[in-house]
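First, one chain by itself in structure tokens, the form predicted alone.
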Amino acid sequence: MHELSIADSILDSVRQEAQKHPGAHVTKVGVRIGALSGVEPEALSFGFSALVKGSDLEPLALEIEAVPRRQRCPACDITFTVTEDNLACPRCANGETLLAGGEELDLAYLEVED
């Protein structure tokens, strides 16, 4: 379950950022998870909750934003969201599109209270 180590890394990042703001309390952390990242959002959420419980960061909340797979068409230069594993360009039907997103695993934001 690599999601547990990812959750631990998120918490390390939260702690590092919290040290920059003495007296503040981080209440929520947001992450973006791409459809192709290989990360299972439910497993990440479960592992995150388990690590936060009873820690110095409790009751830190995790918000997950799912990022869909996106492709770019080199023929007509549009970027589009992939639906139902159809990688062809919806504008010109070009089947040779390029991956443009969906592999993200980003720490998006922290909500902090003074």
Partner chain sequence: MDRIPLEKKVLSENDRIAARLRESYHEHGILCVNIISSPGSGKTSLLERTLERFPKGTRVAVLTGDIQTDNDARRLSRFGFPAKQITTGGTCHLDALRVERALADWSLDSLDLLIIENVGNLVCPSSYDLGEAAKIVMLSVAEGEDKPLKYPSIFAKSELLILNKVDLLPYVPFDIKLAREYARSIHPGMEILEVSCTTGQGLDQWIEWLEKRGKAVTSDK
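Residue numbers count along the first chain shown, from 1. Worth saying up front: this structure is predicted, and the values here are computed from it rather than measured.
As for the form predicted together with its partner chain, it is not shown, yet the points below apply to it.
S.K.: Hey, in the model of the complex, is Ser37 touching its partner chain, heavy atoms inside 4.5 Å?
M.R.: Ser37: contacts its partner chain in the model of the complex.
S.K.: Can you tell me if Leu105 lies within 4.5 angstroms of its partner chain in the model of the complex, counting non-hydrogen atoms only?
M.R.: Judged by the heavy-atom cut-off of 4.5 Å, Leu105 is in contact with its partner chain in the model of the complex.
S.K.: Report yes if any heavy atom of Leu87 sits within 4.5 Å of a heavy atom of its partner chain in the model of the complex; otherwise report no.
M.R.: Yes, Leu87 is a contact residue.
S.K.: Would you classify His21 as touching its partner chain in the model of the complex, given a 4.5 Å non-hydrogen atom cut-off?
M.R.: Contact with its partner chain, yes.
S.K.: Residue by residue through 74-111, which ones have a non-hydrogen atom no more than 4.5 angstroms from its partner chain in the model of the complex?
M.R.: The stretch 74-111, when checked against its partner chain in the model of the complex, contributes Leu87, Gly95, Glu96, Thr97, Leu99, Glu103, Leu105, Asp106, Leu107, Ala108, Tyr109, Leu110, Glu111 at the 4.5 Å heavy-atom cut-off.
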